[in-house]
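Quick heads-up: it's one chain on its own, the form predicted alone, in structure tokens.
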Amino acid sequence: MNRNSNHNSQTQGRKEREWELRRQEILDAAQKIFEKGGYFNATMAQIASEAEFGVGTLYQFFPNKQGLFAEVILREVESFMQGLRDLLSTRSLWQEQLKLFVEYKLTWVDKRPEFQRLVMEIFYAPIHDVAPQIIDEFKELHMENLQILQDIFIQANKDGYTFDPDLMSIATMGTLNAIASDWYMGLLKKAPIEYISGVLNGILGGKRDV
């Protein structure tokens, strides 16, 4: 009896792993197609072909293209945030955390222009039944970013600075987001990573070596 129970548990566990593996394969394929041509130009047939599945298989995992697109965006954004959380947890000094925050954000933007385009598409060409869900998630993540920066500037004040943590967190996020959007629109003469030193010096007033 115990043996059958263990066998059933192992079988169920294998099925769940296979299900999740297929789901991730579909998300990977969908992200590639969406990043290549944008949401509106992508079709479920193209995604199925990229994933090497039948179109019907896609609908077993996702109800429609909108739901699939939302999952692609949310997965990537959460991956970004988890990477930031993990990175910041390795440093305790506020100067190091500030530097890592700016470097991480602008390096990610620099390396992922296709995904940045998808993010901009959400805000400039709202997608029915998708935009509200994604925007709500972006709001939560934006608030988390602001809180991280506020904590950094609070620690800086304990070290002799006189920052307004609320204002500085808003200004820092605004600067980084402006660089990201201007980079996507082709308005910058330099890559995002080339602004890292300037952003840090601007925050600190150029008083210290960052």
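All residue numbers are counted from 1 along the displayed sequence. We call the rigid core whatever largest set of C-alpha positions still superposes within 1.5 Å between the two forms. Fair warning: this is a prediction, and the values are worked out from it, not measured in the lab.
Below, we refer to the form predicted together with the DNA, which is not included among the displayed structures.
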Checked 44, 171, 146, 27 for heavy atoms within 4.5 Å of the DNA in the predicted bound form; positive is 44
With the partner omitted here, the residue among 164, 182, 52, 159 that in the predicted bound form has a heavy atom within 4.5 Å of the DNA is 52
Item to check | Contact test in the predicted bound form: residue 65 vs the DNA, heavy atoms, 4.5 Å | outcome: yes
Legend entry - 4.5 Å heavy atom contact, residue 56 to the DNA in the predicted bound form: yes
Note: the DNA not shown here; in the predicted bound form, the stretch from 35-43, 138-146, 151-159, 172-180 having heavy atoms within 4.5 Å of it is 35-43
Checked 19-39 against the DNA in the predicted bound form; residues with a heavy atom within 4.5 Å, sequence order, are 22
- Answer yes if the Cα of residue 18 shifts by 2 angstroms or more between this form and the one not shown on a rigid-core superposition, and no otherwise. yes
inquiry  = Taking 2 Å as the cut-off, check whether the CA of residue 66 shifts that much or more between this form and the one not shown after a rigid core fit.
reply    = yes
